[in-house]
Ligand SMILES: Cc1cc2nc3c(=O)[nH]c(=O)nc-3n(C[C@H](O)[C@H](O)[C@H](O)COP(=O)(O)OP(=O)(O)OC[C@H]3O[C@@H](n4cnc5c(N)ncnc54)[C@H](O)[C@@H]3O)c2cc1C
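The form predicted on its own is given below as one chain in structure tokens.
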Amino acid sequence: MQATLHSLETSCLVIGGGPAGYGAALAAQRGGCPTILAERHGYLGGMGTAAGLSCYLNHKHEKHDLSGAIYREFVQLQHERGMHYYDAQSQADFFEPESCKRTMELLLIEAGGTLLYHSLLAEVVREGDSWVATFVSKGACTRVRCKVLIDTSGDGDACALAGVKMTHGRRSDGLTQPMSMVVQLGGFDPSAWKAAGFRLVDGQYATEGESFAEQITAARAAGHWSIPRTDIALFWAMPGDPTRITINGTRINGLSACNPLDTTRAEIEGRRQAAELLDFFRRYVPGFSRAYLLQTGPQIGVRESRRIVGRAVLDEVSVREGVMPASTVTLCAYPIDVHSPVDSSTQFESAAAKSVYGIPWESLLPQGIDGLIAAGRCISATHEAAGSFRVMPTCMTLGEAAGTAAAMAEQLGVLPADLSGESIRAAMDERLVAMGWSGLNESFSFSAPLSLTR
């Protein structure tokens, strides 16, 4: 049977419905730019829902929230629904994934945006002054023609298909940070946890990071631990039910998220490690004696894969020295956090790093190609710098910057690359102020020169 062909046309097409894609689509649509958001799953949220990573590391600068208006609105709505709490010690927002899916979907639909689910990107071509993206799904192909294409796929899928020069992983050998299977356990007893001397956020939520190294050493000696980790990166109680605990504690080294054979192996190994993680928590951690495996992430969690080669490259020196380019569109205060691709070590630089740096507009623009923007973890950066900005609040705000630019380009009749980072940041500031928050321009100084590569 021949596949049905659907043909759609829009001003802006966003590919990938994770935090960056949500931020991009909502900003573009609210800015008056008709937008379609295409996603390979049947829901939005990316790593926050598809991988079950419901912890959004939102590091602040001297109590100043660095996220954009779209992320702050998202947090506020989740909090009002009782589906969110914030932990100042870990500087993280914790959400219920199901609530995240519905909130993102509703806000985008209310803004007038169009969703295209269960659509896997297969081709991207340039036709005149338009982009045409082809998606495959069950029994159908969908072709979408657009003026501006925003790649928020995480892996830079659209940019790679469009012929953009890409990098993958670290400079020395192309290896990426490890993938992880996020694990959710039920049957946790918060009272036993508290009785053992551990803290509860807001008196009810167990949350702990970089923990249980001694117990893991003992478990390894007893033959109960083979995961290439020396501690548990982070675990947290779910906002809707503190007896459910989500754990980031698995590690799958040496595989690429852009290789289907590798990702298959990663999924299988991730579930093997999940069973081992459950056994460890039952044996060694207070409150988990009756725990059971409730869920593994619907897909493997990915920290790093491809990135574009852009008109500017964000590097680790800029991150460490707190550089604030004049064309900054997004700020970040999360330190360089690079999990080794080959062993159990982690490069975490919080003590050495300056507290905040700027991400320039030019790092979202591929070299030599117009009408195409990257946002999220696939922007132009080094392996080390990507270990910082990959966190989801920053990615959502990068998406907001990309969507804001698409709307401005539509209004002015120009290409996104013709816009300045300063003008995009000003528009994002206006949105923050309109919602009752202080803008970036009134809180920070942006003046550092930028080295461009055309």
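When you see a residue number, it is the position in the sequence shown, counting from 1. This structure is a prediction, so every number in the text was calculated from the model and none was measured.
Just so you know, the form predicted together with this ligand exists too; it's not on screen, but the next bit is about it.
S.K.: Within a 4.5 Å heavy atom cut-off, is Arg30 in contact with this ligand in the model of the complex?
M.R.: Because no heavy atom of Arg30 falls inside 4.5 Å of this ligand in the model of the complex, the answer is no.
S.K.: Decide whether Arg307 counts as a contact residue for this ligand in the model of the complex under a heavy atom distance cut-off of 4.5 Å.
M.R.: Because no heavy atom of Arg307 falls inside 4.5 Å of this ligand in the model of the complex, the answer is no.
S.K.: Looking in the model of the complex, any heavy atom of Ser363 within 4.5 Å of this ligand?
M.R.: Because no heavy atom of Ser363 falls inside 4.5 Å of this ligand in the model of the complex, the answer is no.
S.K.: Please tell me whether any heavy atom belonging to Leu120 falls inside 4.5 Å of a heavy atom of this ligand, as the geometry stands in the model of the complex.
M.R.: Contact with this ligand, yes.
S.K.: Have a look at Ala385, Ala401, Met47, Ile70 for me and say which one sits with a heavy atom within 4.5 Å of this ligand in the model of the complex.
M.R.: Answer to the contact question: Met47.
S.K.: Among Ser180, Ser318, Ser380, Thr328, which has at least one heavy atom within 4.5 Å of this ligand in the model of the complex?
M.R.: Checking each option against this ligand in the model of the complex, the one that comes within 4.5 Å is Ser180.
S.K.: Please tell me whether the candidate spot formed by Ala20, Leu53 and Ser153 is one where all three residues come within 4.5 Å of this ligand in the model of the complex (heavy atoms).
M.R.: All of them do, each having a heavy atom within 4.5 Å of the partner.
S.K.: Go through 425 to 433, 411 to 419, 39 to 47, 60 to 68 and give me the stretch that gets within 4.5 Å of this ligand in the model of the complex, heavy atoms only.
M.R.: The contacting stretch here is 39 to 47.
S.K.: Scan 265 to 282 and write down, in order along the chain, each residue with a heavy atom lying within 4.5 Å of this ligand in the model of the complex.
M.R.: Residues within 4.5 Å: none.
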